[in-house]
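Okay, so here's just one chain, in structure tokens, the form predicted alone.
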């Protein structure tokens, strides 16, 4: 290993050691870890991973397939951190171990191609999304009885899986970079980080955000050169790839004079608010940047003057699922609920264990699908018990994963973003 990589590997282990040394081995994490509840393996819980890290740092344990499996069995849901009496952040131990393994063994051909080329260059993902979208339409959405599903395992997917329909045209291509406020004088200049899922799959979310903000006096800017926020790359052990993406987005967005930067994806928000601190030099520029980042629910709730008469009735029974990266990552829970409760006609029902991870965890539900579905079965059961028409949330992968499992259970509930439902209400009243 060359010197730079060796130094980086040592740094990752040193940072992991600072965390796991605080662990009291009390086992509190066993009672809250969604993965441990399904697997029952001590290696898959935070205490076990802390012990693995300790052995690796001391040199008593070498990287093996079993070690890598244990390190990858983590949702990064932050539940263990939120409940740890010693104040340990086990997800930081896990991430550092993943980065350490990458510096030791390399990224591998597929991940290097995906993270360093396809994700970085951006256009290959856009092209792939269009091709997948065309195939989905030609094959009638690849329904549960479609024989094409037998090909899914060739690409590492379960035959049971239901995928969202990809957009044939990206959200970013539908708008100019600068979208003027629609009424009256401009109140604020707001940057919009759309995220990959909003840009290529959930384009109605982008439309909802733009329509609401411009109707309430915001000039919206969607920088065309924005790239992936870096969280999926970070979670898969590519420290350098994540650094490259986060530095790019930081340098891009700081060129604009924004009053706020909004995001409608909880993971993107966490990345731009907090994870970016891993890669950008501390200082006034970084503080100013992260201080402007707002989750869209947070921004609408606290910064826009939406009056009750602006809202039209919607005849829905709605519950809300807390995305991990919003409720524990950003401390946002009340704002999306308050927005839903304000909409006339909506009957809001609190979901049992609303803040428990749904099992999606970004790429985890791709690489560990069977476990992810077992975790999600609890969420689906609570949704069905709530007796609602719709589940609202604020994370694309939560939407994908919950909707997938509801379809597998032949449950009729729809899964949507809070901002979409709010936009529907504003449209019903003729406000936007």
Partner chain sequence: MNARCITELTLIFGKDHILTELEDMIAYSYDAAHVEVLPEVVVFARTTEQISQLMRLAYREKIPVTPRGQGSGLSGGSVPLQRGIVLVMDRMNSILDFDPANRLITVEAGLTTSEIDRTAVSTGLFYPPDPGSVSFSTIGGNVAENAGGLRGLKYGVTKDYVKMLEIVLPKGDIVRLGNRCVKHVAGLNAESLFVGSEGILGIITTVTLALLPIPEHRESALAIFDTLENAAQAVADIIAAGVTPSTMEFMDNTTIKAIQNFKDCGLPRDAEAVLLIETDGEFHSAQAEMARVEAQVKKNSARQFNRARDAEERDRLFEGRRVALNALASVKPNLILEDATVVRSRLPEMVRGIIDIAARYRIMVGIFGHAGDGNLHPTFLIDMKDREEMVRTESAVKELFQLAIDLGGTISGEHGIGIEKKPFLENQLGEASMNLLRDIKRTLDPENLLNPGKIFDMPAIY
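Residue numbers count along the first chain shown, from 1. Since the structure is predicted, the reported quantities are computational estimates derived from the model, not experimental observations.
The same protein also has a form predicted together with the partner chain, omitted here; what follows describes it.
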**OP:** Using heavy atoms only and a 4.5 Å cut-off, decide whether all three of 296, 301 and 305 touch the partner chain in the model of the complex.
**Re:** no
Subject >> Listed residue (283, 184, 85, 315) with a non-hydrogen atom within 4.5 angstroms of the partner chain in the model of the complex >> reply: 85
Original post:
Counting only non-hydrogen atoms and a 4.5 angstroms cut-off, does residue 43 reach the partner chain in the model of the complex?
Top reply: yes
Original post:
Does any heavy atom of residue 31 come within 4.5 Å of a heavy atom of the partner chain in the model of the complex?
Top reply: yes
Original post:
For residue 55, is any heavy atom within 4.5 Å of the partner chain in the model of the complex, or not?
Top reply: yes
Subject >> the partner chain contact in the model of the complex: residue 387, any heavy atom under 4.5 Å >> reply: no
Original post:
Which among 371 to 379, 400 to 408, 387 to 395, 64 to 72 is in contact with the partner chain in the model of the complex, heavy atoms within 4.5 angstroms?
Top reply: 64 to 72
